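As a starting point, one isolated chain is supplied in structure tokens, in the form predicted alone.
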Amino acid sequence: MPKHFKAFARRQEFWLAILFAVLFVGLSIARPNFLSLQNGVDLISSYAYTGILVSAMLVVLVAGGIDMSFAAVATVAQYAALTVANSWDIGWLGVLLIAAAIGIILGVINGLLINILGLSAIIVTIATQSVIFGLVLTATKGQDIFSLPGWFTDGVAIPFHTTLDGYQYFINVQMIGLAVALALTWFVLNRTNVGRQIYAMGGNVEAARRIGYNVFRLNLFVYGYMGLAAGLASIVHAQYNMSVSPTALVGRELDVIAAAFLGGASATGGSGTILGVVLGIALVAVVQNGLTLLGVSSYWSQFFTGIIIVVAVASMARDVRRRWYDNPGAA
């Protein structure tokens, strides 16, 4: 057996790929419509928002942090950008720039609070989640926006397949947004000096400080990147739903955390890959979509998502123990 395959077979991504393949084949047999191109397009489109956030959450987890405020950040960015778009003809570029700027600012504030206060990231971001969401509900009075500019609701439609009866399938805003987010995160983590420093900081923050890495700036970058992703994901979500609601995004944090942990991102930092993230997103999406196609109540979705998190964290703990026994000095 080749050495590269042996190494890959020891990684969580390998077993994720096996599990995904088993579920994929099983659902294809149980529900033939699962394998349809239409279901695939719908699945990618509906999980693009989650996927964009998971790609950025990977960066935060690799750095040894966590961010629970992204849904509230996305809500602010979405509501503000599209309120402006309804008043002025700012186009796609304007909407994306406003949402990105708001996301980055709020993300950097998270990073500043975590660094200055010296508190746990989960405590700080849960607090900012509550503060931001409370301010949004107060400012908007909980009102939805159903009237959006025509250019926004029309979105993007690039044909990529035409059936024998003339029906066309299109690449849409959601697919483009997800592909860009995954590609950008891969590039940042694997092809930049910042990415290497983030892995080092997540592995051992004190060691990173000793060799001269600016941990303060790295944290600002990491949480700013999460904010950027939240802002862009919010626009993708609004275009998919053709509306804006201040309560639509909060409450979906569990799916993002589940996919990130399942993909091999460690709660203690220093590990995680884009391949794992893609498999994690795919597995969560397939499980939830499969339950729907099998006629299982949607109330079970959160139950199975919780089980996924438990299994993922248990698997990570097992891997840490195995590495410690193999090499006590490395753990």
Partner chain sequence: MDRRVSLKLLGCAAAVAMLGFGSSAMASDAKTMTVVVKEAGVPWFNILNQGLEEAGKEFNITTTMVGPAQADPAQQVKLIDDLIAKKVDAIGLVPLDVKVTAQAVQRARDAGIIVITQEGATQENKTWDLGLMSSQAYGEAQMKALAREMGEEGEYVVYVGTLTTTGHNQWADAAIAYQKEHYPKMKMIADRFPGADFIDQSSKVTQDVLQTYPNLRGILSMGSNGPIGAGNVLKQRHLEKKIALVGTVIPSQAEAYIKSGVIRCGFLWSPKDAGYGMVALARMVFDGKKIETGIELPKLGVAKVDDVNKVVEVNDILTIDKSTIDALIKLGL
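Superpose the two forms; the largest set of C-alphas matching within 1.5 Å is the rigid core. Every value quoted in this text rests on a predicted model; they were computed, and no experiment measured them. Numbering follows the first chain given and starts at 1.
Here the subject shifts to the form predicted together with its partner chain, a form of this protein not shown in this document.
Of the candidate stretches 141-149, 216-224, 194-202, 119-127, only 141-149 has residues whose heavy atoms lie within 4.5 Å of its partner chain in the model of the complex. Checked against its partner chain in the model of the complex, the residues L113, V173, I105, A248 give one hit for a heavy atom within 4.5 Å, which is A248. Distance criterion of 4.5 Å from any heavy atom to its partner chain in the model of the complex singles out M242 from the list V131, M242, L97, A179. S271 falls outside the set of residues with a heavy atom inside 4.5 Å of its partner chain in the model of the complex. Although the partner is absent here, F187 sits far enough away that none of its heavy atoms falls within 4.5 Å of its partner chain in the model of the complex.
Remark: H161 does not count among the residues lining its partner chain in the model of the complex, judged by a heavy atom distance of 4.5 Å or less. With a 4.5 Å cutoff on heavy atoms, R252 counts as touching its partner chain in the model of the complex. With contact defined as any non-hydrogen atom lying within 4.5 angstroms of its partner chain in the model of the complex, H237 is the only contacting residue in 206-238. Superposed on the core, the two forms differ at L291: its CA moves 2 Å or more between the shown form and the other one.
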